[in-house]
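Next up: just one chain, as structure tokens, the form predicted alone.
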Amino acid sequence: MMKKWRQQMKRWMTEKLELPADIMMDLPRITMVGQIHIYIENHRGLLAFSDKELRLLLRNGQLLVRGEQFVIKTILPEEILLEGKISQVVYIEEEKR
């Protein structure tokens, strides 16, 4: 009950105070340039990486990026810049218990 109230309060504050939703609601911000670059902010950590797949932990799930010839250009605690040929970006929502 308290968790739902907290989410409603965050939504209300975001709308009324005109704050960016990604900041207030702890959502990832994803910026893509064509199929060659993807910049992801506000993630919780790197779970897996290969030249064909990147998997990041998010607050409420995971983000999966698939493609080819992946190279991590920049990696910071909450930001990552990936370069390669991106074919798929999938948000995997955590199952609610």
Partner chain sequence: MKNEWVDTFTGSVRVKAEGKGTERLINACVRNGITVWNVKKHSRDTATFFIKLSDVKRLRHIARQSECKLSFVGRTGLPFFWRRAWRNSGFWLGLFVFIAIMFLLSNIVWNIDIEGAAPETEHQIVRELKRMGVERGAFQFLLDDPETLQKKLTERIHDITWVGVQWEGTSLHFRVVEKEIPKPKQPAPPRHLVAKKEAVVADLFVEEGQPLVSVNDYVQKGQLLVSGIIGVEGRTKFVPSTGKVFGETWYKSTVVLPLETTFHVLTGKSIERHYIGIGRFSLPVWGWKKPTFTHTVIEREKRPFRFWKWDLPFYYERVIVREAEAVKRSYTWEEAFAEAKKIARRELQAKLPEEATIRGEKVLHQSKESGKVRVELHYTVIENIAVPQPIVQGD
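Positions refer to the first chain, counted from 1. This one's a predicted model, so the numbers in the text were calculated from it and none came from an experiment.
If you look for the form predicted in complex with the partner chain, you will not find it shown, but the lines that follow are about it.
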Answer yes if any heavy atom of Ile36 is within 4.5 Å of a heavy atom of the partner chain in the predicted bound form; otherwise answer no.
no
Does any part of Lys73 reach within 4.5 Å of the partner chain in the predicted bound form? Heavy atoms only, please.
yes
So in the predicted bound form, does Leu46 come within 4.5 Å of the partner chain, heavy atom to heavy atom?
yes
Interface membership of Asp51, the partner chain in the predicted bound form, 4.5 Å heavy atom rule:
yes
In the predicted bound form, which residues of 53-69 put a heavy atom within 4.5 Å of the partner chain?
none
